[in-house]
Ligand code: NAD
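Starting off, we have a lone chain in the form predicted on its own, written out as structure tokens.
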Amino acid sequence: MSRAAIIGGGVIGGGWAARFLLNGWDVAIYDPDPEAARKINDVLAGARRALPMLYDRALPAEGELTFCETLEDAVTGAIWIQESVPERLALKQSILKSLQDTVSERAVIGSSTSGFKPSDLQKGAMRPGQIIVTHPFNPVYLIPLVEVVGSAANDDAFLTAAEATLTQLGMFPLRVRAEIDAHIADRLLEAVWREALWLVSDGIATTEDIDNAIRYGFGLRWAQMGLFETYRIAGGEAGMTHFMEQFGPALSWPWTKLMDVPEFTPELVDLIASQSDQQSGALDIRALERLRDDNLVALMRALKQRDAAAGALLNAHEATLGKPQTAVPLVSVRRVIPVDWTDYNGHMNEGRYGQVFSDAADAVMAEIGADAAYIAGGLSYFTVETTINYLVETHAGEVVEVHSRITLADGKKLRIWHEMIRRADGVVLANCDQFLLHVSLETRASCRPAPQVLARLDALVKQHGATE
């Protein structure tokens, strides 16, 4: 079992702990804050609910979480150490330097710093080439981007290996090509933040106006195309060249105050804080986090269906997750019910039960060799009839399994009995009786399965005690 150490248990450290833990790593945490365990467990509660909703397969078994009394205890045996202490350079340098006395020389030491360059962090370190910047975004357990920054002291192979580990966690490591303060993403965010402060300070917009401009406008485009590709489309058939020629002159117009920052007077702070409280103060922080996570899950699952942007990353990561092991009955599905599968009543809608049992049938087909390659050869099973019984309400976040058993296998006829079970207590939530016929895709008529499928089906039938 791989082991990670998290140094600093705030929002970012807790998010890193969740990302590692829910991907099967053992995690040790060091934070002298007496409230660290409570804060981490609050973050973990949100992560345990949200992250599995992104996937249509079960994540690995959760690793073991340990809170350590000393820094040395936390990093001992860890192959990845993630530093997430407050953004003070001297503090970070001191911690990074001291932990090198204990950690393996092959371990990765990543810093979550949003602003410092790796060469700054490496000063005074025994092995500077072991320390890199791995800057994530909140919530770390859902947002895949992590900026990876090295210095001249870092070997390229070391950075590449670190990126491979992050990819295994379902993240998107973005290599920053050269050191620069605040890396890439935060420099872009800082530009928008400065302009937003001016708009509020000058009475042009409220905090809610600015948020609405982003979430109902360009934020939707940025979520799936980013900045340059969005503007390429804006250039029409002539592409980016036309866009640059058309809008380039606007760069010299007084449309921005990016080079100046409004003075942070008590009046400005109070103005922004009061507008923010009016905008969303009715919800406490946990409710806001849950709303954010649910919206991110729904958006990223929509992109997943299109195999685009963050959704394509999810599909690639999901392909590496193990499928349920063969058993009697066959565990054909193991997953978490996502929030976008629920309706206005708050429970899973009828169509999604069909999705679950269809996925279960696909698993049975794969088990007997009637998979995509078999279909490409011109043969398949078609569902003729299903009868679904809805027994108990199913809610978002619940972990379910489908147990599938073959009840009839007679030449071209196949019948499967599926039960969807809540793992927490074994309650059967729904069941499905499914009847299929084997067909030729060329003639669209029923026919006997290929010999190799019949052989594997026969073995499964004997396991399941079906009628032949």
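Values in this document were obtained by computation on a predicted structure and should not be read as measured data. So that there is no doubt, residue numbering starts at 1 and follows the sequence shown.
The next section is about a form of this same protein that is not shown, the form predicted in complex with this ligand.
- Since exactly one of 92, 347, 317, 304 fits, which has a heavy atom within 4.5 Å of this ligand in the predicted complex? Flagged contact: 92.
- Work out which of 33, 62, 42, 433 lies within 4.5 Å of this ligand in the predicted complex, going by heavy atoms. Partner contact (heavy atom, 4.5 Å) among the options: 33.
- Message: Please identify, from 433-441, 52-60, 405-413, 24-32, the stretch that has a heavy atom within 4.5 Å of this ligand in the predicted complex.
- Response: Contact-bearing stretch, as computed: 24-32.
- Item | Any non-hydrogen atom of residue 12 within 4.5 angstroms of this ligand in the predicted complex | Taking the distances in the predicted complex, the answer for residue 12 is yes, it comes within 4.5 Å of this ligand.
- With heavy atoms only and a cut-off of 4.5 Å, decide whether residue 190 touches this ligand in the predicted complex. No, no contact at 4.5 Å.
- Could you confirm whether residue 114 comes within 4.5 Å of this ligand in the predicted complex, counting heavy atoms only? It does: once this ligand is placed as it appears in the predicted complex, residue 114 has a heavy atom within 4.5 Å of it.
- Do residue 7 and this ligand share at least one heavy atom pair within 4.5 Å in the predicted complex? Yes, residue 7 is a contact residue.
- Hey, with this ligand in the predicted complex, do 84, 87 and 138 all fall inside the 4.5 Å heavy atom range? Every residue of the spot touches this ligand in the predicted complex.
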